[in-house]
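First comes one chain, alone, set out as structure tokens in the form predicted alone.
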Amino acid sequence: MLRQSFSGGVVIPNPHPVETVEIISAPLPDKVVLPLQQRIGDEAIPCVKVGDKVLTGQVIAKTEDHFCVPIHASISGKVVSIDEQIIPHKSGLKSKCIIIESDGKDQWVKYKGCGTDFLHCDRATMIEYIRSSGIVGLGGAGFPAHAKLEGIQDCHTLIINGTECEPGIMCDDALMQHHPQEIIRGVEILLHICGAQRAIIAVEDDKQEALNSLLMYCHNDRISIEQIPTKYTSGAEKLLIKMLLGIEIPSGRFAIDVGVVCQNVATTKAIFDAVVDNKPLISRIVTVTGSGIESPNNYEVRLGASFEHIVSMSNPNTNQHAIRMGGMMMGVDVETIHLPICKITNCIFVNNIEVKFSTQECIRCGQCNQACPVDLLPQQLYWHAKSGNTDKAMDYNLADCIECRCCDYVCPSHIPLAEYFSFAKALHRKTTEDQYRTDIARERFEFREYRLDRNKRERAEMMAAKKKELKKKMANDKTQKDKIAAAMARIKKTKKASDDA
């Protein structure tokens, strides 16, 4: 089935391998911090107040925004606060959160889904289960799953992304090894919703255990499991489609435009839980790894628990650490481990602080061009981004950069190219928005000047017309008076002649 590989990309061995990929159930946290601002969309509005008792799985916040999903309590207990807390974001800013203290009972609200006979459940009901269960893309994008599914038309292929997005992360590998049956049933649910003729589960060729587990439970002729090369960034949606189907998605277009829907394996498992049991998304598997960790592992942990809750279980050393959420390539650095785990927290890197290489001048070696998986010219983009010429950078397809940092990885001068590209994108966006606002303001000013000039001209024309009309009326009045005077004179003359006679 594998049609072709993709040019570029880099092969990065797992820097912190383990002998056995496990999933450890983390104990219930004493408290959880659940942010109301999700990856996209409006901030959710709390449905509870301080002092309320809540059950696990209970909806505690929601919004009318179509691109948002409800927020559920991940433990049972008491709402002790609704205030601003630092959230896991590179800005380090605070956001409004709901804080729940655990009662230690983990009492769940009662839900009823479609059950195992989900094929008799209609598509709209399934999508509503997915929306109300709070499911978003768990591979890191965080896009609401229901919004991706409900607008599907003419889908011929469903692709389940079983690749780890970056080296060192093991959560999807662990999920495929330990929950293959739920994943396969989740694929069948998605086939039913999408109306696709077939589904392909893509697994990297270094995950033989995961492949064997899926093959053991896959008895559906419409579902195939394909191995792809373990090369970063093979998990990128457009590259995956190109490898599996030989279809190249044009710039600015999406997978659904060519009849393909992609979902992550963790999202697929969550969809199974939502449709079959109507179980909301209140936990996820998180990899804890890094040079500062003695025992890298995967933990199934409740959302809102702190990073520290599971980092402490992995035996961190006593050195000073740099904390990174997400992958070693595309993740974000955070200041502390006292942050809440959210739906897109697939990995926590705890690394010993090391001296970073100093940045040197570009030597024009061209290695970045060879490594780019989307066939851009990072060297040219770098010069234009550095000089602030974002229009020229956009001419070199800056918008297609996925910021994978392959160019950073191979650069012998240690130039943070992806940071330049990210900044250039933001600058171009701001410049475009500012220019749009300037154009709107100029158009409003010009229209105002035109309107004032038009009003002045129309008033002058109106006054001239009135003056002309008045002159005409005055002339008519004078003629009428002359006629009357002449008639009066005649009458007077006639009367005088009569009197004389």
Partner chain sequence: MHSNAHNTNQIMRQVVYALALGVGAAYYFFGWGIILQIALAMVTAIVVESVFLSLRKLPVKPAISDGSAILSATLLAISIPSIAPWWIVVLGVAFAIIFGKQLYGGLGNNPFNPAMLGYAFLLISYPLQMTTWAGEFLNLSQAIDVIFNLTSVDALSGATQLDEVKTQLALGKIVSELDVHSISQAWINVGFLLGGLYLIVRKIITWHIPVAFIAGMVFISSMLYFINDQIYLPIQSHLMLGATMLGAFFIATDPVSASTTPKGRLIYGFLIGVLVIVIRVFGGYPEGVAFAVLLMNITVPLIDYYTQPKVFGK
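Numbering follows the first chain given and starts at 1. Since the structure is predicted, the reported quantities are computational estimates derived from the model, not experimental observations.
We do not show the form predicted in complex with its partner chain, though everything after this point is about it.
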May I ask whether Val33, Val69 and Asp103 each come within 4.5 Å of its partner chain in the predicted complex, counting any non-hydrogen atom?
no
Considering non-hydrogen atoms and a 4.5 Å limit, does its partner chain approach Arg364 in the predicted complex?
yes
Could you tell me if Val21 has a non-hydrogen atom within 4.5 Å of its partner chain in the predicted complex?
no
How about Lys94 - does it come within 4.5 Å of its partner chain in the predicted complex, if we only consider non-hydrogen atoms?
no
Touches its partner chain in the predicted complex: His414 (any heavy atom, 4.5 Å)
yes
Of the candidate stretches 166 to 174, 114 to 122, 231 to 239, 263 to 271, the one with residues having heavy atoms within 4.5 Å of its partner chain in the predicted complex is 231 to 239
Only hit among Leu211, Ala147, Val311, Leu376 for heavy atom within 4.5 Å of its partner chain in the predicted complex is Leu376
By the heavy atom within 4.5 Å rule, which residue out of Ser387, Asn315, Gln370, Ser81 makes contact with its partner chain in the predicted complex?
Gln370
Its partner chain in the predicted complex - contacting residues of 379 to 401, heavy atom within 4.5 Å:
Gln379, Gln380, Trp383, Lys392, Asp395, Tyr396, Asn397, Asp400
